[in-house]
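Coming up is one lone chain in structure tokens, specifically the form predicted on its own.
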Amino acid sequence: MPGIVVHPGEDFESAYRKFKRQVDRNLIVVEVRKRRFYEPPSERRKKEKIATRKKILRKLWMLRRYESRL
């Protein structure tokens, strides 16, 4: 869990900014949104399969785009 040390004389705004930066770095908000509802293993596999397909198609598109410039 993220935590910050507030030094004497430090205002709330700067402490809040530090805390938000630390939360963003640790991807806590993303993890909470992902775990908000139960996702069955079949749905998880389906999403992974779709993501893999998108990744392959994106690489193929970039490769074809690069080759067309040669």
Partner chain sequence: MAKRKLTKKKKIKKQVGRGVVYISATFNNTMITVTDEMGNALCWSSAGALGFKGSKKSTPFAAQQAVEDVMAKAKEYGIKEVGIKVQGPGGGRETAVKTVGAIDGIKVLWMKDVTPLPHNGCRPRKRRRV
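Numbering follows the first chain given and starts at 1. C-alpha atoms forming the largest set that superposes within 1.5 Å between two forms make up the rigid core. Note that the structure is predicted; figures quoted are calculated from it, not measured.
The protein also exists as the form predicted together with the partner chain; that form is not presented, and the subsequent description refers to it.
Contact check for Arg33: a heavy atom falls within 4.5 Å of the partner chain in the model of the complex. Within this chain, Trp61 is remote from the site of the partner chain in the model of the complex, having no heavy atom within 4.5 Å. Contact check for Lys20: a non-hydrogen atom falls within 4.5 Å of the partner chain in the model of the complex. Relative to the superposed core, Phe12 shifts its CA atom by 2 Å or more between this form and the one not shown.
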